[in-house]
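Below you'll find only one chain, the form predicted alone, shown as structure tokens.
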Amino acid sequence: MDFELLAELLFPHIDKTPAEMEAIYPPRTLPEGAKVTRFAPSPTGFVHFGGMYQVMIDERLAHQSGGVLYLRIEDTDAKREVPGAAQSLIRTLAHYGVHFDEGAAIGEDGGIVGKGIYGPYKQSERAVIYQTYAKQLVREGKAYPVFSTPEELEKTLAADKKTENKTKDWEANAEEAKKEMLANRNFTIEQVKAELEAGHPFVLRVLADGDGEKKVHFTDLIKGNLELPENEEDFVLLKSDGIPTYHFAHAVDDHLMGTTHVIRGEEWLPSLPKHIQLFRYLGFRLPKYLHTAQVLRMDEEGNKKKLSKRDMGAKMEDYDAMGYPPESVIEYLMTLLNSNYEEWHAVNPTLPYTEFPFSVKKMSTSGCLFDFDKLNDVSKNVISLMPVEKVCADLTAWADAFDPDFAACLKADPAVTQAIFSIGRGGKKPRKDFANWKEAKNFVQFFFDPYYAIEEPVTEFSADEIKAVLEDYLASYDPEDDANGWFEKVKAVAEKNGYCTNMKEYKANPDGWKGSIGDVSTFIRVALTGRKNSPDLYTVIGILGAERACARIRAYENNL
């Protein structure tokens, strides 16, 4: 077979060589130990939690080592591409603090542009690059064409770019698939010419040289030492439209862009022998691989299941709607990435996660468990440490997007809003009342008249008993009183109406009193907030103001 002629017949429009491509994309000059990582999503929808999990590993490995993180858009499957998905992806990642040193970015006109010298960073714009290397593989007898009619190729063309693109199920029909593969290898130059003259499309397949009975020995930085069967499948390199499959694009792009570490899900482990063969065929240095375990969740029966795209919390958009600050989500992700993160954070509560010495050696090899309860605990802590100005700004921004009526309340008097969220903030033990902005609304909405309602009425005492206490309270109330003076008057009201002001005495003889001073406080609290639990009552009254506070108590009395 004249492989040089075959290469020219298949790729007459390709006039560059791999050596010329190498000159266009020179090796990176980086400090010793610096890592180059990439996030390479398909623009087919939203950012998944599992993708966020992986991009955080990319980001930490690169930036912790003084290296480079870049974004590559793998958009070779036009049928599944969602318009605007790439832009949405970039904005979402930026919202969570993930910024790329180079790669795909949003241009002034809203389109995707490249930032850096190793582009284009959209695979759909790199066809000539892939075909240059494909032509070289044909020259070397390492790849060959398979011609088919459009009907026969329909299934392959409809396949996702990251599938195996097999005409047969290799494992279920291995013998039949091998026979077909061997038959496809037998062709002549004359047959190729005839197929091309007839206008028949072709896919380009690699000529496998492996033996499935032999093993590839490989060290994964997460999974450790692995043994995988050698590749013996002539898998597709280029589809009939000249666009590569994931396997081929991965090898060419990661080489030319200088990727040192490839982070991806463990579902790609079976493809590793293909990539090892491709890097060897192409003469490229193999990058380091980190195959991450799945993100799991507990189902209703208590079994661990993979977090699917349909589960709540699977989309990063979900967290915005639920009101989780991006800082909380990132903090939670760090606890999943490294088992010792929480211990470190307990010792360094004020340091950002970027100061944490992230290590792939501390990553789980069996899967991490997604847990909303844990996320809530983490988020309560994160929000409790935020300055009040940030709390108010972020909550208002969330409300603008998801609850405009509440946003209007927050913006009506910014000083009042700030006073509300200053309650219990700061100090060694700040309050941890809410895990997200939606919960924050529920926690403070009683301050705003449109939301004020009696949610927890007092039912243990009669209306007359409650009215008597509230009447005496209103008669004694003086807005000029400080906290101690105010409380002394509440105690006096309690004593006058037969309620014990000493909780120790009351517990010793509860039948000797109508109730306790705690009950008296509850009458006032429910009248003012509609709830039996609220922040410090004196502070609440101060924020409401004397006029609104007294008006609420009178209205409550009238409705008893």
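Please read all numbers here as calculations on a predicted model, not as lab measurements. The first residue of the sequence shown is number 1, and the count goes up from there.
The protein also exists as the form predicted together with a small molecule; that form is not presented, and the subsequent description refers to it.
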property: Contact flag, Ile263 vs the small molecule in the predicted complex, heavy atom cut 4.5 Å; result: yes
property: Distance check, Gly530 to the small molecule in the predicted complex, heavy atom within 4.5 Å; result: no
property: Exercise: Arg38 in contact with the small molecule in the predicted complex, heavy atom 4.5 Å; result: yes
property: Interface membership of Glu327, the small molecule in the predicted complex, 4.5 Å heavy atom rule; result: no
property: Option from 101 to 109, 263 to 271, 337 to 345, 301 to 309 whose residues, in the predicted complex, bring a heavy atom within 4.5 Å of the small molecule; result: 263 to 271
property: Contact assignment for the small molecule in the predicted complex, among Glu74, Asp472, Asp394, Asp253, heavy atom within 4.5 Å; result: Glu74
property: Option touching the small molecule, based on a heavy atom within 4.5 Å in the predicted complex, out of Ser42, Asn497, Thr501, Ser65; result: Ser42
